[in-house]
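Given as structure tokens, the chain that follows is alone and in the form predicted on its own.
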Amino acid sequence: MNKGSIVLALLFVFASCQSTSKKTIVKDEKTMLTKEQIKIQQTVADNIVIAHRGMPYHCPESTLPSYILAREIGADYLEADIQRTKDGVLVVFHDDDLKRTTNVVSVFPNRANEPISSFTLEELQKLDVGSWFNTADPERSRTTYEGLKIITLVGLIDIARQGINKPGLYLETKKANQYPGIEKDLFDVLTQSDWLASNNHNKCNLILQTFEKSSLPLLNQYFPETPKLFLLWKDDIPNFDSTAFKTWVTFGAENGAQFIGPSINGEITNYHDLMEPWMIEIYQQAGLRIHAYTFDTPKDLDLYANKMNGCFTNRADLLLDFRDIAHPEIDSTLERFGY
């Protein structure tokens, strides 16, 4: 083969590779999403009920009874914040430290301000994550909440697999910058638990979420076929205006998200309202479906629920009532499981 033939052959190979590359990422003409993103997006039903930390209106948040109750009444997804212990175990816990919802001040008085990552799982299991609820909300207190323990991600998977309803999981990489590699850890645990094996395009049992721009591309790397949501918080967006806001939303669409998670100005939470009409237009132009947070009252639902595709709620029973979906009674359900 002469030099000219060799050059022509190399050009042909290069052109073929370029053509193949273009075929793997095909943009939708009307949105910022790829065809594959839209296909994944369509695996998630509309009007889903996302049980935010379980059922924290009725039970201590992110605990066994909280998630059991959400599962039993028919929530579509159990939402959880995932953090990592000092010895590498993924656990379900929301706050940066343990003071608000545990007795860490009495058990580890010199370590009350430390993050989850400085405690081993064995140390965390010495804490009570239920009694605070009885003090904070005496009207819904139960003696059986005393002594509840922090649950692991594996424990949450077990909860979701039991019962009749079989909800999916909606997992957040919480403060991912504090936990380098947590996306890979999450992938490993879900794989070892065979949770990913049952997640197919006929029934979606897993959605991932994050507020952090550093974590979303990594989630997309390890979970390319899993639906992902980019959470929004106004204070995270520098020099907030319509241009900055659109840039932030665009980042989500371009880094694997199919859903956007804005806050609402809830009657109790009073978060920033990221569901103004011009904001919704930006979400829609990007092709992102909306799962907003967090719904606590009938007024919240009346104002916002019909503007989105899914709701994070602390009161899944309230949202089910709003959708005219029958569900078991709260007290009898808790009592049936020993609470």
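Bear in mind that the values here come from a model prediction, so they are computed numbers and not experimental data. One rule holds for the numbers: they count along the sequence shown, beginning at 1.
Keep in mind the form predicted in complex with SN-glycerol-3-phosphate (G3P) is missing from the figure; the text below concerns it.
Proximity to SN-glycerol-3-phosphate (G3P) in the predicted complex, taken as a non-hydrogen atom within 4.5 angstroms, holds for one residue of 149, 140, 86, 94, which is 94. Listed stretches are 281 to 289, 295 to 303, 48 to 56, 62 to 70; the contact stretch with SN-glycerol-3-phosphate (G3P) in the predicted complex is 48 to 56, by a heavy atom cutoff of 4.5 Å. The putative spot formed by 31, 228 and 259 is not touched by SN-glycerol-3-phosphate (G3P) in the predicted complex; no residue has a non-hydrogen atom within 4.5 angstroms of it. Residue contact with SN-glycerol-3-phosphate (G3P) in the predicted complex: residue 187 places no heavy atom within 4.5 Å of it. Though the partner is left out of this view, residue 211 does reach within 4.5 Å of SN-glycerol-3-phosphate (G3P) in the predicted complex, counting heavy atoms only.
Shown alone here, residue 128 lies farther than 4.5 Å from SN-glycerol-3-phosphate (G3P) in the predicted complex, counting heavy atoms only. Mapping the unseen interface onto this chain, residue 172 counts among the residues with a heavy atom inside 4.5 Å of SN-glycerol-3-phosphate (G3P) in the predicted complex. Residues of 72 to 105 lying near SN-glycerol-3-phosphate (G3P) in the predicted complex, listed in sequence order, are 79, 81, 94, the criterion being any heavy atom within 4.5 Å.
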